[in-house]
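To begin, one chain is listed below as structure tokens, in the form predicted alone.
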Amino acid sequence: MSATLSFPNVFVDASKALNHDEARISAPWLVAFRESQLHQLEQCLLPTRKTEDWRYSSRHLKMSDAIAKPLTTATKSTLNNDFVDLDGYLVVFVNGHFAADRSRLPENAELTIKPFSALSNEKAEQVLSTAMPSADSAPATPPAQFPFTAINAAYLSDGVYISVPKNIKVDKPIQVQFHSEGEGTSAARVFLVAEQGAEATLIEEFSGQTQTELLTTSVTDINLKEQSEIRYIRLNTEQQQISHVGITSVTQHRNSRFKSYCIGLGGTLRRHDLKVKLVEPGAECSLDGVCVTLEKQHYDNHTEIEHVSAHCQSEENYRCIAGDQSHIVFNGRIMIHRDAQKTSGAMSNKNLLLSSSAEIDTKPELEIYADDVKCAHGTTIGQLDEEELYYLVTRGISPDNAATMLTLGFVNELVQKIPNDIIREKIEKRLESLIQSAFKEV
């Protein structure tokens, strides 16, 4: 069950603020799209504790305060970000608005990276066809299951459109930074299409700071055409007080390859839904994720791999660490359709509790309607091995350092797979600092 939104005055105030903001949006299609979604938002169904997929996240929602107004542009933002410039293509958004002076777009005509506000009608139609599918092609994620797509669209000021042409291999990373400051709701949106034989690395970074309540909603749509490959790195590392609810939807066609690397650090509320649909034969995907929470933080991971066609492969590996009184949720689902014969799917979720007060809820699911498949799933929840700790301590290593070394080793295998040296080193340092602080407080 879901509850109908019960505070319509919030949307009246939001509508006024958004209309005032339209002067900064030059694209009529974007204004029209946002207005259409704002009207739908008044009938939006928000999840409650009785909504199965949201029963852990819903308790942290403070929607009446968070969506009362959109964020305004922070023109003098310091952009406090732990990640350095990767010397590739750079797209920066501050409070949902494109920051042209801080971005670095391609000068060649082959690769297209543009803000939504600068799109032609043809490219805008591509974005709209994904955001508002026709009646005969139902959306991959109905609004009732993920209502924040409508909230994101209603508050959208701008987004980024990325198109990698046929047989083009982009050797530089495409780095998209979303920075948020202030109070209210920020909308982040990315649309990427990789044409036949294309190859690229997309890096999404979310950062920000606030002294009050701030909600970031993010929507990323990725479409891989035949024989294309996308490496997707998602870094959800905002300040503790910032809430974040995001979804990444991926559609894969024949012989395409999608490789995902998600790093999630906890906050008041953090949730990421990653949904991959393999619609033609030969498609392959691998999903790797690392999640760490401390204090009273919360992080909710929901993944879904949908095998629609035959001869496709998927592999998923998530590792989670919860300390203090924090909470992590992992819900992974692999669905095999009736025609998806010769499918291979594997899911693994390993979890580590650093405190007796921490909680991890894990729910791996297999839903199989084909009879010629090879699928497996497994999950573990445990604590640090006392014998291994004792061994390190007897070699002259302090108990805190020994515990830190073992904890980092638990996730190191996945961190090392991140296909960017600079990001990998930064993640290693950030995780080491967090885990050290966890054991010092014990």
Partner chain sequence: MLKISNLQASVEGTQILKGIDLVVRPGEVHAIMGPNGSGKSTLSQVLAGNEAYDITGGEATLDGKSLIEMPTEQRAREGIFLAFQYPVEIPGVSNLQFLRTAINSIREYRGEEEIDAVSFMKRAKEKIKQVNLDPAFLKRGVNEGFSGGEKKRNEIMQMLMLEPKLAILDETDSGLDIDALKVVADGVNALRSPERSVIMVTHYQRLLDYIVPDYVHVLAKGKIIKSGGKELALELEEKGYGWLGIDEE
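As the structure is a prediction and not an experimental result, all values here were calculated from the model. Positions refer to the first chain, counted from 1.
Omitted from view is the form predicted together with the partner chain, to which the following refers.
Quick one: of 384, 381, 375, 405, which gets a non-hydrogen atom within 4.5 angstroms of the partner chain in the model of the complex?
Of the listed residues, the single hit is 405.
With a cut-off of 4.5 Å between heavy atoms, is residue 50 one of the residues that contacts the partner chain in the model of the complex?
Because no heavy atom of residue 50 falls inside 4.5 Å of the partner chain in the model of the complex, the answer is no.
Taking the shortest heavy atom distance, is residue 409 within 4.5 Å of the partner chain in the model of the complex?
Although the partner chain is absent here, residue 409 would touch it in the model of the complex, with heavy atoms inside 4.5 Å.
Should residue 31 be classed as touching the partner chain in the model of the complex when contacts are defined as heavy atoms within 4.5 Å?
Residue-level check for residue 31: no, no contact with the partner chain.
Does any heavy atom of residue 35 come within 4.5 Å of a heavy atom of the partner chain in the model of the complex?
No - in the model of the complex, heavy atoms of residue 35 and the partner chain never come within 4.5 Å of each other.
Residue by residue through 180 to 198, which ones have a non-hydrogen atom no more than 4.5 angstroms from the partner chain in the model of the complex?
Residues within 4.5 Å: none in this stretch.
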